[in-house]
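For reference, the chain that follows is the form predicted alone, supplied as structure tokens.
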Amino acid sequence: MQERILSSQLKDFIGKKIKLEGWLYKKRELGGMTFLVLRDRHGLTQILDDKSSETEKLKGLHQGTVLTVLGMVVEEKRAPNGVEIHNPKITIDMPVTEVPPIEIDKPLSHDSENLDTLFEYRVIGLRNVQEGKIFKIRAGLERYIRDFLNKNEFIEINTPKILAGATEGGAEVFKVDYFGKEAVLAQSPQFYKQIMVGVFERVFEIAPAYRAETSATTRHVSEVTMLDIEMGFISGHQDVLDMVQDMTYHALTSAYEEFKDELKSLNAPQLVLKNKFPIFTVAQVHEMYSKATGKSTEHEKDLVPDEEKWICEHAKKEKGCEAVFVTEFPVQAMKFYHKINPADPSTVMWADLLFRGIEIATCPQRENNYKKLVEQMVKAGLDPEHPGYKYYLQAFKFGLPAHGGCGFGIDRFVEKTIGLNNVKEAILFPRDLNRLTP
């Protein structure tokens, strides 16, 4: 049986007869000739039927029809990959007789008013070559992250997503029936990754997390993909920031090298990045932003969205880097497991990583002293005797080193790397307030 050749390999077979398999992507007739475009996992191939006799077989068939094509590879600089197929012999493997609801050979609109249509026909629309590039780049970014963490001796773990309760706090959880008991979907693997520091020192997970947020914005969805890392025996908070910085730098620079053509075709912005990200405190950003805009934010515990955008633009212009850390959040905003800054007890050892105007990661150091952790839980109104905290506190009672980590939003990272306008565009099948399908 003749071996299948993929579209990207055709330039190595000029003057030879080969076999292609794929989907009908486009068909057009011109002066008694028929041009077909076939799609496979590597891209597109142009096929010329100069007598239109073979393509008669395609009458009444539409995009998505699965074909096998035998033909001669001929150099043609105007065609994809600089080659096309002549003298084709076409076999129809799976006909499509219904007219597709959208034309995937044309650009699909990502305008905000068209997003519902985009997602309603997602199953078909993802076959558009441009749409597919988004998720090839996404897969690449996750691969770079995994490669970096593996190289730095992080162990990949898998933690439960069905929990007995929202012991981490917060009301924005999805409740589910678990054999007659109430359970919730995990908002993060926070407790588990800290527990696992006591086993492997360095761990990470890339997995879904669930947020029952009622926010209908361009940055919120109900099911997110999160990278969570945790590392032990740190000498201080800066160790955490350095690791997240180096990982992010590696992922971005690798993507802009490997996928430079795809990013260009998607109109991605030029990457402006240094291997050492600028660092500002929350107080500094409030002061700088208020002075520059005349809008006072100094009473805010966190950065407002417009500040995130402003400080990234400022860092890009003044520091030559569009990724930036914001540190020293006030204790009023802390989680009970954060470590209070010993040099300034009014702040916490917590930083946010911002990129192109949005927070993509939170990067705190944890409180690892058992007694202090219990005190902070009580102060936060939590009951350390609650059964949901039993196993978490065991890890501290029996010895955890100084540690910290991050929760890193993969969806937002992909969105901003490519220059999309809505996080849902970076997700295969997004879930939000109104969408539970496809």
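One rule holds for the numbers: they count along the sequence shown, beginning at 1. Every value quoted in this text rests on a predicted model; they were computed, and no experiment measured them.
This protein has a second form, the form predicted in complex with another copy of the chain, left out of what is shown; the following refers to that one.
- Comparing 194 to 202, 345 to 353, 279 to 287, 260 to 268 against another copy of the chain in the model of the complex, the single stretch with non-hydrogen atoms within 4.5 angstroms of it is 194 to 202.
- Here is the short version: of Leu48, Val69, Ala395, Leu58, the single residue with a heavy atom within 4.5 Å of another copy of the chain in the model of the complex is Ala395.
- Another copy of the chain in the model of the complex is not approached by Pro384, whose heavy atoms all lie more than 4.5 angstroms from it.
- In the model of the complex, another copy of the chain sits within 4.5 Å of a heavy atom belonging to Tyr210.
- Another copy of the chain is not drawn, but in the model of the complex it has no heavy atom within 4.5 Å of Gln376.
- Proximity of Gln63 to another copy of the chain in the model of the complex: non-hydrogen atoms within 4.5 Å are present.
- Relative to another copy of the chain in the model of the complex, residues Met33, Gly82 and Thr253 are all farther than 4.5 Å at every heavy atom.
- Contacts between 363 to 399 and another copy of the chain, taken as any heavy atom within 4.5 Å in the model of the complex, involve Asn368, Asn369, Lys390, Tyr391, Gln394, Ala395, Lys397, Phe398, Gly399.
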